[in-house]
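Starting off, we have a lone chain in the form predicted alone, written out as structure tokens.
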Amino acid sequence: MGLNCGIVGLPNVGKSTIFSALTSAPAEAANYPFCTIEPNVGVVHVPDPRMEKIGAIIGPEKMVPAIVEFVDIAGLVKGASKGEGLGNQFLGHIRQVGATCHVVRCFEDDDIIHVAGKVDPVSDIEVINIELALADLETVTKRIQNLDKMLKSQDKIVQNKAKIAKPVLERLKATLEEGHPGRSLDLNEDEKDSIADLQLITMKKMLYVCNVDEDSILEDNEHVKKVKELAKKDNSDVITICGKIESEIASLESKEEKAAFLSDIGITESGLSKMIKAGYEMLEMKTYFTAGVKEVRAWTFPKGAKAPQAAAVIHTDFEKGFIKAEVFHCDDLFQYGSEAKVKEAGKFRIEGKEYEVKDGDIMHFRFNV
């Protein structure tokens, strides 16, 4: 799975505007479909107040936050699964990302053309979901047709995987034929693993990003309420964002100016900040820190990783020559105020290869290559 989030949606819903604000890098945005054909890629910092607290205690020379990559994929249209509107190309881009953020237009504006001629977010979502479901249906149908060969394989691993996959694929086929995403099925880990190699688009986690007007930031409008009702059915989350406001925030230079702007409109956190954190969580990534006077750095590791695998994020030699990890949690640092006092309190530990790294751990690795 890619360590990135794809931003998808119909043309003219505000994807490129949001992407530009997200990355503070200009993406082509125009009032007509397909102005974005090749996907724009941007790397953004993951907001993490814990890192600021660690830095305030340790006073490092520099701070290096965790990052997540966003990919602005061109607007999909009805018929994309059959190649309409460069659909095959766009669907190929979506297959490469680890999770998707679906920007949905939830604002009225006569000056901005809607491809369907009216603002109807539920209909917009269904258009995208059906196209993605049809693309996955083709993939699932082909695999079902090849199952007999796999079930007769002399390789027991292939044979067992096919036995697990068969009922899963049949359930998926029925779900996709109804235009519903694969993630709406309640599959266990073994069932998910049996079809993982298919890289099904609709099995990816989805975040619905409701792009609203300025008046709907503090209170959901009717469009947003309908999106939230729909999202419950396919196990997806929803956030509200105003692309216009986020563009204004992105143009401000200092943190103080941005904080004052947010305060003036009555919110404490920008929509983009919520979107970045949601994307990071959808990818099931966690953060540990290395902390010293030279540098405090956030490192991204997959949920459930053991200490050697987490160490490999810094350098593969750390995993190869792993000996032990010195560990304490950032919460202990915040409580006791220094590493020395954390040790005095008995919260400083030496962990081995089987230690499962926790989100928020502060670590130092001992290794020998």
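Remember, it's a predicted structure, so these values are computed and weren't measured experimentally. Residues carry their position along the shown sequence, with the first being 1.
There is another form of the same protein, the form predicted in complex with a small molecule; it is not shown, and what comes next is about it.
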Segment that reaches the small molecule in the predicted bound form - one of 260-268, 223-231, 103-111, 137-145, heavy atoms within 4.5 Å: 103-111
Using a 4.5 Å cut on heavy atoms, which of Leu272, Leu176, Cys242, Met206 is close to the small molecule in the predicted bound form? Cys242
Looking in the predicted bound form, any heavy atom of Val357 within 4.5 Å of the small molecule? no
Proximity of Thr23 to the small molecule in the predicted bound form, heavy atoms at 4.5 Å: no
Give a yes or no for Leu172: in the predicted bound form, does one of its heavy atoms lie within 4.5 Å of a heavy atom belonging to the small molecule? no
Answer for Ala133 alone: is it within 4.5 Å of the small molecule in the predicted bound form, judged on heavy atom distances? no
